[in-house]
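A lone chain, given as C-alpha cells: the form predicted on its own.
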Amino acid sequence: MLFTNYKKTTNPDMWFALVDCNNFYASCERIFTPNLEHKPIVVLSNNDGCIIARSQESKSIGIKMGIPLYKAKEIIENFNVHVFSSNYTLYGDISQRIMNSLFKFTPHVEVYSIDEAFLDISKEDKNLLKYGTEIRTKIKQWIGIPVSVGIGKTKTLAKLANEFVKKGISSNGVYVIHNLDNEKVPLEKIELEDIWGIGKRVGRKIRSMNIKTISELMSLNQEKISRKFNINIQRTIFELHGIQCINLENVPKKKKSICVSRSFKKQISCIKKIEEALTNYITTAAEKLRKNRLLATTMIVFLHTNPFRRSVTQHHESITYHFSNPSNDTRFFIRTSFSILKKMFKDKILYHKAGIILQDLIPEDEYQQELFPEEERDKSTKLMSAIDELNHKMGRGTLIYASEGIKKNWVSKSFKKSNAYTTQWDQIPIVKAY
C-alpha cells in the first residue's frame, strides 16, 4: 500500500472546487457584443503588440499564443478574426463581479488569479456534480462568463479535474474526481506539466527519471518520493492520492511588489516625454499602495530600447533606490524617479519602454513611527487621501500631476479597445426599446 508511513489526517468529507473562467479576456469582450458568440477573437498586449488571449475558435484555426500581431495578420484576415486591444479595466471589474458571486455559494473562497478561484464546498450537503453545474449555470446567467468547474478532495485534484474539462473528457463543463487511483479516465491525455505544482522545469526533471505519466508518478512509494523530490512535489503527489496537504487561503497574500510599465506608442528620445510616462506609472502604482494600506521602502526605475530593432543603438538599464523612510506619497516617488532617470538617460537613444517597481512593501500600521512625528507626513497622508477620494468619485484622471503632461503622445497604442462598459458613466451601453 502506498504511503504506509504517512499519517493521514485528511477529513474524508473535505471537497474543493476550482472555478476557472473559459478564455476569460475573450469572454469579457463577448458580454456586450453577443453577436461575437462562436466567432474567433484575439486580445492584444499593451501597445497592440502580441496576442495574449484567444477564444476557442481562434485556437482551433491555429493562432498561437504570444506571437506578434503582424505574424498572424494573414490568418486573421482569412478567417475574419475579431481583434481587441487589452481592456484591463473591464476585465478587472468583471473578475471582481465573478468572485463576489462565488461567495453566494460558500463563504470559503480563495481568489487564485483574475479568472480562477478555489472553493471549499465540504459543508455543502448536495450532489457534487449538480452543485458544480449550478455554479456554472449561475455565473453564466448573472455575469455572462462561461466557466469550467473541477471538484476533488484536494486542491490539486480539483485543479486536475478542471484540466479534464479543458481536455474534453467532460462535455458538460463540470468534472468530479472521487479517487484518481480508480478513475476511469484516459490519464494519458494529461501531461505531467498539466498537474498543478509541476510545470515545465520540474516536468523535465521528472521525465529525466524515466517517469513519463501521471500513473507512473503516482505508483512511486513514499520512500522513493521522499528521496527524489523536494517537499513541494511530495505534497503534490500526496494530493493526487487524495491526501490533503494544501489548505484554502481565505486571506489574500500581501503584495510583495507593485510594477507598472508600458511600451511607448513610438520610440522616444526626449527625456521630458519619458518623465511624463513615469509620472503616469507612478501615480497608478502609488494609488495601489494606498488602496492596500502599504508603504514602499525601495524603488526600481528601468528604461530600455527595443531589443528587436537591431539597427538602432541598444541601451538597457535599471537603478534601485532605497528610501530612508517608507512612503506612499506620489509626489516623493515622482521626484525620486526623475533623479534616477537623469542618471541613466542617454541622448540620441531611441527608447521603447520604461517602468517602475515599488518593492519591499510593509503595512502602514507596522511602520516604526518616529518619536516626534513630522507634521509633513500628516499633511502628506491627508493630501493623498483627498486626491484619491476625488479621483474615485469624479473619475480617474480628474486630478493629475503637471509632470504627466496633457497630450501624452507616449501612451501605448490601443486602436481596438472596447469601452469600459461597467466603470465609466459615459461608456455604459445604451439599450433602445421599440
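Note that the structure is predicted; figures quoted are calculated from it, not measured. The term rigid core refers to the maximal set of C-alpha atoms that superpose within 1.5 Å between the two forms. A residue's number is simply how far along the shown sequence it sits, counting from 1.
We do not show the form predicted together with the DNA, though everything after this point is about it.
Q: In the predicted complex, do Ile195, Lys200 and Cys259 all reach within 4.5 Å of the DNA through at least one heavy atom apiece?
A: Affirmative, all three are within 4.5 Å.
Q: In the predicted complex, is there a heavy atom of the DNA that lies within 4.5 Å of any heavy atom of Tyr70, even though the partner is absent here?
A: Although the DNA is absent here, Tyr70 would touch it in the predicted complex, with heavy atoms inside 4.5 Å.
Q: I'd like to know if Lys155 sits close to the DNA in the predicted complex, meaning any non-hydrogen atom pair within 4.5 angstroms.
A: Heavy-atom contact with the DNA at 4.5 Å: absent for Lys155.
Q: Though only this chain appears here, would Gln222 touch the DNA in the predicted complex if you measure heavy atom gaps against 4.5 Å?
A: Result no; Gln222 lies far from the DNA in the predicted complex.
Q: Classify Lys288 as contacting or not contacting the DNA in the predicted complex by the rule of any non-hydrogen atom within 4.5 angstroms, answering yes or no.
A: Contact with the DNA, yes.
Q: Can you work out which of Ser269, Thr213, Gln96, Asn232 has a heavy atom no more than 4.5 Å from the DNA in the predicted complex?
A: Partner contact (heavy atom, 4.5 Å) among the options: Asn232.
Q: Taking the DNA in the predicted complex as the reference, which of Arg309, Lys104, Lys123, Arg207 has a non-hydrogen atom within 4.5 Å?
A: In short, Arg309.
Q: Among 168-176, 112-120, 330-338, 140-148, mark the stretch whose residues have heavy atoms within 4.5 Å of the DNA in the predicted complex.
A: Checking each option against the 4.5 Å cut-off leaves 112-120.
Q: What are the residues of 131-163, in order along the chain, with a heavy atom within 4.5 Å of the DNA in the predicted complex?
A: Sequence-ordered list has one entry, Lys159.
Q: Taking 2 Å as the cut-off, check whether the CA of Ser318 shifts that much or more between this form and the one not shown after a rigid core fit.
A: Comparing forms between this form and the one not shown, the Ser318 CA shifts at least 2 Å.
Q: Quick check on Ser101: with the core superposed, does its CA move 2 angstroms or more between this form and the one not shown?
A: Moves: no, less than 2 Å.
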